[in-house]
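Coming up is one lone chain in structure tokens, specifically the form predicted alone.
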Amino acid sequence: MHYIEIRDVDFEYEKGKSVFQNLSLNIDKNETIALMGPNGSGKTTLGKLMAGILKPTKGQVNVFSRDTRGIPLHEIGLRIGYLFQNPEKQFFANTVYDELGFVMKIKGYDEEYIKEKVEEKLELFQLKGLVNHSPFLLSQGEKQRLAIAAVLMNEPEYLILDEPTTGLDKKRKDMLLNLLFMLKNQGIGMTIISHDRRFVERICSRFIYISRGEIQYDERA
């Protein structure tokens, strides 16, 4: 069985405004995929369908052999981490520390263990000096790093990253790339939605290009 299966999916946001018709796609857990295409082609919509954030109008999306319609979103989120194109959409806490620790508090871990895990992520993502800052007042690069760190607090086995290089200079892109390689080497699969072809070509092994809601090509490197 494939890790994510999209079977004959139709999707429309409003009646008559179709994004996909009869779309099918299989994704294995160990793949690192680039999902590319022009603005309005359906890339973000497809990513949200894969993560269970959106449900198909028709057809079926299965993740780890289960229909997304029958799984609570938080349960999918434990295994598939989703990074929004705008990191601020993920933030809700008053400080960087609380943003990272929230998931573990909900799970009932003790404060000492939470502190240890949060400090690991602060170190890894070079956010240590920002622990008491508001997530909303960080630079774009800091917001991106915090958003990815927060997603990883759940220890997901697959990531869907929507335009993760937006607003990053070359140095920050290289840092992000090194981090993604580290995660890839840990066995975490990922789909990277991106316009940045040079970036995805450095890490991805499969390239899917969609336009007007259709897969134009699907190639492996």
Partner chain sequence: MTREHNLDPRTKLVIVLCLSTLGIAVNNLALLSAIALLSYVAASLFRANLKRTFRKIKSLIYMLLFIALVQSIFTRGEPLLSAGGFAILTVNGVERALQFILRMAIVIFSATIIGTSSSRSIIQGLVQWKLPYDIAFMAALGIRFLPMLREEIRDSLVAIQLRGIDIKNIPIKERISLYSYLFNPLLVGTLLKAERLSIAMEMRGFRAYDKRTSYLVLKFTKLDYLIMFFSIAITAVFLIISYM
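Numbering follows the first chain given and starts at 1. For clarity, every value in this text was computed on a predicted model and none was experimentally measured.
Omitted here: the form predicted in complex with the partner chain. The next part is about that form.
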In the predicted complex, which of the stretches 148-156, 23-31, 56-64, 180-188 has residues with heavy atoms within 4.5 Å of the partner chain? 148-156
Any chance all of 162, 174 and 202 sit within 4.5 Å of the partner chain in the predicted complex, going by non-hydrogen atoms? no
Though only this chain appears here, would residue 114 touch the partner chain in the predicted complex if you measure heavy atom gaps against 4.5 Å? no
Answer with yes or no whether residue 132 is in contact with the partner chain in the predicted complex, where contact means some heavy atom within 4.5 Å. no
Looking at the partner-bound form in the predicted complex, is residue 110 within 4.5 Å of the partner chain by any heavy atom? no
Using 4.5 Å between non-hydrogen atoms, is residue 126 touching the partner chain in the predicted complex? no
Hey, which residues along 56-74 are within 4.5 angstroms of the partner chain in the predicted complex, non-hydrogen atoms only? 73, 74
